[in-house]
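One chain comes next, on its own, written out as structure tokens in the form predicted alone.
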């Protein structure tokens, strides 16, 4: 069921399905809540699933000219408060993981668990920040071309031919995101701080879903970050790039369900 919550005088779109303890699914860049449609069906048989359009994506409007991870985290909190929910698991894909870590900094007591789904607690390197600036200029000139070129690179190279329909659907979703929404998110991701200390101090279980063939978040870095966590679980996807919830959907669904049961035990 699609609903809306108020945050800083804008309507935030989210979906609310299933019953029981809540798992929040946060999309990556440049995605919307629709990317979780197929993935969330199985989860909703066991848990209440909240999926949110982050600011600038889907039907949630932009707020100003930069969407920091902190701003997005407060938006997530506004949605959860509107539902009267106090304890839940955050599952963030890529940028959604950056948002989840910012949420953990501000609202730690609300977390029953945290899942970094192809995401990292480390900030952009100087080189990556320069790349973000380069991408912003490309987006200003031709957003559509950028999306068409970028989306396939999120998959393991050998998987692209098997997921042509999914890639087409992801492009369609991303084409619906405004140029300003994409730029705002790029600016926000570029300025995010290092948050490995969140992992070191986590009092709740943390799940790392890692793709061996992920060119966005190298698996070696994520394995090192997992060592920081007292209650760490790792799902290592041998055949996935950056899109494990598509490339190895069944396995990631089942593992996340088992992780959630552990968190809510």
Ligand code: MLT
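Positions refer to the first chain, counted from 1. What you see is a predicted model, and the numbers here were worked out from it, not measured in a lab.
What comes next is about the form predicted in complex with the named molecule, which is not displayed.
The named molecule is not drawn, but in the model of the complex it has a heavy atom within 4.5 Å of residue 216. Residue contact check for residue 56: none of its heavy atoms lie within 4.5 Å of the named molecule in the model of the complex. Interface residue remark: residue 95 is counted as part of the site for the named molecule in the model of the complex, having a heavy atom within 4.5 Å. Taking the partner from the other structure, the named molecule in the model of the complex has a heavy atom within 4.5 Å of a heavy atom of residue 189.
Contact with the named molecule in the model of the complex, judged as any non-hydrogen atom within 4.5 angstroms, is confined among 43 to 51, 221 to 229, 193 to 201, 27 to 35 to 27 to 35. For the candidate set 132, 87, 175, 74, a heavy atom within 4.5 Å of the named molecule in the model of the complex is found for exactly one residue, namely 132.
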